[in-house]
Each structure stands twice: as C-alpha cells, then as structure tokens.
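One chain comes next, on its own, written out as structure tokens in the form predicted on its own.
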C-alpha cells in the first residue's frame, strides 16, 4: 500500500544568492565596497560634485587653511584642494582600470599562446616574463616612464607592461591544467582547430583567476601611478593627481599639511578598499578559500 505524503520537498538553496550573501557578510568588504563606489561616483560626477574648478588659480588665496569655503584648504597656486582630490579620483580610476585592461589583454594572450603551443615558444615567452618579473615594479615603471614620457596614455601603457607578466603566468598555468582534460582532448580529436579549441574550451576557464588578479591589481596600479606622479614621472600638471598632490604638499608640509595628508589618506583608503574587495572576490570564486578574509 502506497502512502501519500503532503510534505513538500526541501527547496534547493540558490548557490549564487548564498555566495553573494557570504560576500557581503563581512564588515571590511562592505566598507571597501562603499569606498570603491564613492570613488567611482567622484570620478564620474566630478564636475557636478567639485565646488571649484580644479585648475583655477587664485594666488591671493594660496595655502589657505581648512575653512567653510575651502574644506581642505588651498595649494600653492590657490587651487581648491578638495576639488583637486575629487578630480584626482578620475585620474586614478582611469589609470587603474585601463592599465589593468591592457595588462590583462596582453598577459592572457601571451599565456594562452605559451601554454597551448608549448615547446620553444613557451620557453622564450616565459623567460621574457620571468626577466620582467625579476625587476621591482617601481624600478621597471620608472624606466618605462622615462622612455615613454609623461601623460595619461603613456602611464597607462607603462603600467600595463609592468603588470603583464602576472597575467601571463596565471593564464599559462591554467592552460597547462585545462588542456589535459578529457573534453579538450575530445574537441581536438573531433576535428576542432587549435584556435577554436582555445577560444571555446580553454579561454573561458582562464577568466575566473584573471578576474581575481585584476581586482587586486587595480589597487597596485593606483599606488604605482601615485608613486610615479610623486617622483615627477607620472601625470603632468595641471591634471589633478593624488601622487602629484602629495609631491607638491611635501614642500609645505610644516605650514600647510592638509594637501599632502588628505591626498595620502585618499590613496591609502582607496588601495585598501581594492585589496579587501579583491580578496573577497578570490574567496567568492574559490570555495576552498571562502571565509578566509
């Protein structure tokens, strides 16, 4: 005799919702996400948010302290520090995003070719990447900055080259692992060309680790750009740059410390936010690391 039960089967938990809930369940990640969102809003809506023109000079009002009119005071040329900080977020975000995109495109292309073709092609490409990785990032960035020159486009290209080896190494390792799997072998045996196999079967499996690397490299790019601008090799005046503001502020640190301190805090907080969110993204995409933050 069959006994019918009115009990409903247990609902299958939505894995995506659980992961997103776990992602935002940690206070540092929430704070970091809010900071990144704020920087993005500053960058996009800078002309609407900034109280003054960041390039407008007023020599009479130079080096003013914090006040209701100028919340963070003025610099040596009388320009409003808060306005330059807000517009500086646009520079930092552009450099971070596009240099990471350049590095990701070049690095993943090199890693795919080296890992799939192998043999002497792999050896030559990886030895070049090893040589670049053996040089400290800031030293290599200074050299490339001196060769390419100052300017937003040159800095983006410079940082893109500097960060390329890390994407190449990660992609190559992923390719070497994936191309041994059965479904890749079946695709090649069934007559698939090498390009089709790479594009449809290998490349998608390389995206997740490179996305994690990209989120973490955003902070690195912002920090290196600030260092280059501080050393006079980065963004040229009158374009606002957080590193350039720190460089200018160090000369008047005893009399008007607000500019250098404020710009330094913006750099530190933004880089911290990208690093925290990058760690959380890594935990989200790798179940073995989830909850380690």
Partner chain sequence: MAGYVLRRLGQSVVVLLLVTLMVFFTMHALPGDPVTIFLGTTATPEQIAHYTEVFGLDQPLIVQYVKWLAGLAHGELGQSIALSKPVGEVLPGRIVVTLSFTLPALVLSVLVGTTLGIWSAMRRGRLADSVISAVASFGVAAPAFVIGILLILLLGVQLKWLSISGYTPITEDPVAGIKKLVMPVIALSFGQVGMFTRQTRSAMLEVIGQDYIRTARSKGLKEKTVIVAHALRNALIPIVTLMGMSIGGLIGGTVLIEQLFTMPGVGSLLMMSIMNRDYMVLQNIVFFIAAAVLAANFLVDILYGYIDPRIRLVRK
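Positions refer to the first chain, counted from 1. The structure displayed is predicted, hence computed values, not measured ones.
This protein has a second form, the form predicted together with its partner chain, left out of what is shown; the following refers to that one.
What I'd like checked is whether 39, 51 and 66 together line its partner chain in the model of the complex, meaning each has a non-hydrogen atom within 4.5 Å of it. The answer is no: none of the three residues contacts the partner (heavy atom, 4.5 Å cut-off).
Can you pick the stretch from 152 to 160, 105 to 113, 78 to 86, 219 to 227 whose heavy atoms fall within 4.5 Å of its partner chain in the model of the complex? Correct option: 219 to 227.
Residue 279, heavy atom within 4.5 angstroms of its partner chain in the model of the complex: The answer is yes: residue 279 has a heavy atom within 4.5 Å of its partner chain.
In the model of the complex, is there a heavy atom of its partner chain that lies within 4.5 Å of any heavy atom of residue 257, even though the partner is absent here? The answer is yes: residue 257 has a heavy atom within 4.5 Å of its partner chain.
Can you work out whether residue 30 and its partner chain are in contact in the model of the complex, taking contact to mean some heavy atom pair no more than 4.5 Å apart? Residue 30: no contact with its partner chain in the model of the complex.
Touches its partner chain in the model of the complex: residue 143 (any heavy atom, 4.5 Å): Residue-level check for residue 143: yes, a contact with its partner chain.
Of 117, 128, 176, 101, which one comes within 4.5 Å of its partner chain in the model of the complex, counting heavy atoms only? None of the other options qualify; the answer is 128.
Just one of 45, 55, 261, 236 has a heavy atom within 4.5 angstroms of its partner chain in the model of the complex, so which one? Contact check passes for 261.
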